[in-house]
Structure formats: C-alpha cells, structure tokens
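One chain follows as structure tokens, the form predicted on its own.
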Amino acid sequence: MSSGALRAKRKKKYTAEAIVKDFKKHKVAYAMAVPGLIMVLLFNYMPIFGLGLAFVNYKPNLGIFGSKFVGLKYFKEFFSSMYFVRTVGNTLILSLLQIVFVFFGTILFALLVNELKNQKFKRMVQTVTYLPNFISMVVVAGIIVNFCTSKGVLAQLVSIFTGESKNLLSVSSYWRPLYIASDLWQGLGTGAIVYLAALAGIDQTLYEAAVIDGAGRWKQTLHVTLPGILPTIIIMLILKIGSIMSVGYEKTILLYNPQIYETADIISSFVYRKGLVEANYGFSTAVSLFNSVINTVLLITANAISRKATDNSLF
C-alpha cells in the first residue's frame, strides 16, 4: 500500500472515530436535534418529490409514476391564461405594499419605541402591539368581516367621506388598503422585536460621542442608530424579497369573494382553488413550482446585490 493511500485510510479512520467520539460526548444534543431533523425531512424534503405532479396528468389511483406525462403543458396553460397577469400582478403589488408600509413601518415603530424613556409606558406599548399576533387568523378575519359590513365601524367611517354605506369587502378598490392595514395591526409589534434587539446591541458610547460633537436626536438617529441596525435591516429585506411571490393565502381565502377577484386573487389563493377545490393537482403544482423558482431567483439576486453593495448578505 502506498504512503498516500495509507494516510488517506488513517485520515478516514480518524474522522470516523472523531465523529463517534463527538456523538458520545454530545449525545444529548444530538438527541434533541432528532425531532427537528425529522420535521425538516418530512415537511421540507419529502414534498420535493411531489413536484413531479407539475409534469403529469395526475390520477390518484395511478400515482405520479403511473400518470400520463404531459411535460410543460400546465406551465404553458398558466402563462397563456388571463390568470397569469392577474395573479402575478396582484401578488407583486401586495408584496410591494407590504414592504413599503409593513416592513419599513415596523422599523419606524421600533425606532420610536426605542426613544421612549418611561420604561413602564414602553413595556405597555410593546405588550399592546404584541397581542394581536397571538389572535388566530380566523378570528382576525371575523373581526375584519364584522367591521367591514355595511353596518360595521369601518364601513360607517368610510360612508362619512363617500356618502355610501356598503360592504367594504365587496368593493375591489378597498381590498388592498384593508389587507395592508390589518397586516400592519397584527404584525407591527412582533416585527419590531428584531430591530429592538439590534438597537439594544448598539454601543452606547457612540451616542455619547455624538452628543459631545453636538449631534441632536435626529442626527444621532441618522449617523448612529440607522448604521447600527443596517445589517439587520438588509438581512430582513433580503428574506422579504426572497418571499415576495409568497403572500399567504390564509387571510385572502377567508376574506375574498368572486366580486373582488380582480384585485384580491393572488398566486397562493389561485393554487388553492385549482388544487383543492377543482382537484386540478398538476396545474396547481406547476403554478406553485413557478412561484418557488421566481422566489429563489429573487433571493439569490437580492443577496448578490447586497453582498456587492454593502458587504452584508445571507450567504
């Protein structure tokens, strides 16, 4: 046996022994990781095999491999249908509105909360804004429905300015403001947690130096606070851009109706209708796969731009 092969064998043996030794030493930690690994395998990796539905005319009694292969048929159908422009457009508009109002709104809220000096009032504000996140989406949808009926609080407020009393959820132009406002109400407090944690990690001596240089609160925010949390903002923005095509279907399905499909129908709700309501599994899988590919491309692109422009990135 050559010296190179002998060294490789010794290295392999040493590596195997090291792994066994490490496993014995940290067996409790490995045991705790097992449930998480099982969940990842079951819900993240095993569903990948289901992507084959996008390329076959799926019949439940035949299975994926027994169903007729149709290639890119469903992709072509989706791209050439009226639903492509409508669902993709609505999804993009809603995601961009979420970034502008919800994403940056949580940053502004965190900055404002950070400026509060009264700790009791500060904790009260945080608690009050956290609470909506613990309310079930079904309950939230029920609240929105009640408020938006022709006799509801929001509908009555709108009628003061418009002179018309109608169900707001039956008017397509009201859908996006209602969706974004409810998102902001429900996620403002929890979304700000990350930024409040980042703000707590800023070196306080930087503020002292800024005060000595004559900087007021506004200049301290511009030159100390924002640069201090910029890496966090960039990472969260990259993650948001990476899911820009994945607006959740739960609230949409609970609130929308055929009258407002024009503005309310998004990719995830369209996939739900095609896949579960109409049982067109192949078509819905193709749309979902297209959605995931676009998200992946956006994530990689945003990460690359951020890495080149700011030296901050996910990977």
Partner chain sequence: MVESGKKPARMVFRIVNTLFMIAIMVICLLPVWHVLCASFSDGSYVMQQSGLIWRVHGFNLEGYKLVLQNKSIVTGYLNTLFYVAVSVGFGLLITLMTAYTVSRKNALWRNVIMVILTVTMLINGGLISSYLVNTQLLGLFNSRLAIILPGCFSAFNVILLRTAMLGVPDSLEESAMIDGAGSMTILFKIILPLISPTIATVVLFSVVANWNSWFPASIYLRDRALFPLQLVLKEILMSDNVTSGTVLDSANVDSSLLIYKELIKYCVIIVSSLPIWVMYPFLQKYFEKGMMVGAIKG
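Please read all numbers here as calculations on a predicted model, not as lab measurements. For clarity, a rigid core is taken as the largest C-alpha set superposing within 1.5 Å between two forms. Numbering follows the first chain given and starts at 1.
There is another form of this protein, the form predicted together with the partner chain, and it is not shown here; the text below is about that form.
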Residue within 4.5 Å of the partner chain in the predicted bound form by heavy atom, from Ser173, Gln119, Gln156, Thr162, is Gln156
Taking the partner chain in the predicted bound form as the reference, which of Ile233, Val194, Ile244, Ile180 has a non-hydrogen atom within 4.5 Å?
-> Val194
In the predicted bound form, Asn90 touching the partner chain (heavy atom, 4.5 Å) = no
Indicate whether Tyr261 is a 4.5 Å heavy atom neighbour of the partner chain in the predicted bound form.
-> no
Is Asp213 close to the partner chain in the predicted bound form, meaning a heavy atom pair under 4.5 Å apart or at it?
-> no
Contact between Gly142 and the partner chain in the predicted bound form at 4.5 Å, heavy atoms?
-> yes
Pull the contact list for 94-125: residues with a heavy atom within 4.5 Å of the partner chain in the predicted bound form, in sequence order.
-> Phe109, Leu112, Val113, Glu115, Leu116, Lys117, Phe121, Arg123, Met124, Val125
Is Ile305 among the residues whose Cα moves by 2 Å or more between the shown form and the other one after superposition of the rigid core?
-> no
Core-superposed comparison between the shown form and the other one, Val34 Cα displacement 2 Å or beyond | yes
